[in-house]
Structures are given as structure tokens and as C-alpha cells.
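Take a look at this single chain in C-alpha cells; it is the form predicted alone.
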């Protein structure tokens, strides 16, 4: 007999919480001024993401197509799942020294967990997390990006 009473008490408790939830929903249905839901994608033009939002990794370039990446691979080492690949080449400086320079900065967005460890590891602050959040594509190969722009070079004053 105890089991049957417990069974019906559980049903009544569930109905009570259901009615309470429906009352809250009904309140917002009757008072639409209080609605805070974003109407995405209709509000795409006015939508602003939070400053601390982590979207994707971006290699910063200035107006002269220069970046701060020295090719040290600290971001590649810090990445827990191999999202970043730094492909370097050796270049001779006017002084006759051979220095490492990035050939390609490959970023696999499909593997990225947006953990921010690569940004924290970068000694020259060459990369940042952007606020972009729309990454839906039909072909996964489009999620592999080359972050250094064609013809870009190391910014003057950044040490190797």
C-alpha cells in the first residue's frame, strides 16, 4: 500500500511543477514587453557578441600586411588537439643570418575547442580570438584556414 501512495505523490508533485512552469510561460506570453529572446538570424545586423566570446583564432595583420608571428610554434605546442600547424622556412637576413619565418599558419577550425590556450602561449601576441560565431558550411574542408595573408611578412621590431 505504501508503494501506491508514494507513486501517486510522485505524480502529483510532477503535475505541480508542470503547472508552475506553465504559469511562468503564460506570464511571458501575456506580458510580451519582458521578452529577452534574440530573434536570430533576423537581427544579424544589430547582433553584438560579448567581448569575452571566443569564436575562432585570427592572425592579426596591420595595414602593411605585416604580422607579429615569428614561427616559434608555442601556440602549436599549447594546443591540446593539434588545431594549429605552423609550417616554417629558413630565410637569410641582410646580415647573413638564417632565421625561421612562417610559410603557412594552418588553422583547423573543425578541431578547435576554443580553449584559448594558444592565445595565452603566444609570446608576441600575434593571434587573438575573434567574435565570429557563424561557421556552418557544407564542406568540412572549408574549415581549414590559412591565417597568414599572401605576401605577408614579419613586422619590424619583433624579435625572433
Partner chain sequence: MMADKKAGLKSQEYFINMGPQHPSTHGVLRLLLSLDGEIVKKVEPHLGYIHRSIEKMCEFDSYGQIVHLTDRMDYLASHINNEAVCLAVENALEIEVNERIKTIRTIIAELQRLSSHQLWWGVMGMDLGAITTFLYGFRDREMITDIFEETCGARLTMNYNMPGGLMFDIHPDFQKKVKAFLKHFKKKLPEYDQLLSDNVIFRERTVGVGKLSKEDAISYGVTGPTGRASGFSNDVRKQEAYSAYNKVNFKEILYTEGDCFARYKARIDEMWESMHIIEQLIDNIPEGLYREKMRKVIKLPKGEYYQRVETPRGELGVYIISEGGMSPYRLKFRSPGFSNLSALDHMARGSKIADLVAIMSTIDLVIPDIDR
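Think of the rigid core as the biggest set of C-alphas that the two forms share within 1.5 Å after superposition. Just so it is clear, the structure is predicted and the values come from calculations on it, not from any experiment. Positions refer to the first chain, counted from 1.
Quick note: we don't show the form predicted in complex with the partner chain, though the next part is all about it.
- Contact annotation for residue 54: at least one heavy atom lies within 4.5 Å of the partner chain in the predicted complex.
- In the predicted complex, at least one heavy atom of residue 77 sits within 4.5 Å of a heavy atom of the partner chain.
- Not displayed here, the partner chain is approached by residue 24 to within 4.5 Å at the level of heavy atoms in the predicted complex.
- When contacts are judged by a 4.5 Å heavy atom cut-off, residue 17 counts as touching the partner chain in the predicted complex.
- Of the candidate stretches 62-70, 25-33, 102-110, 88-96, only 25-33 has residues with heavy atoms within 4.5 Å of the partner chain in the predicted complex.
- Taking the partner chain as it sits in the predicted complex, the stretch 114-134 comes within 4.5 angstroms of it through a non-hydrogen atom at 115, 116, 117, 120.
- Once both forms are fitted on their rigid core, the CA atom of residue 16 lies 2 Å or more apart between this form and the one not shown.
- Annotation for residue 6: C-alpha shift of 2 angstroms or more between this form and the one not shown, rigid core superposed.
- For residue 26, a C-alpha deviation of 2 angstroms or more is recorded between this form and the one not shown after rigid-core alignment.
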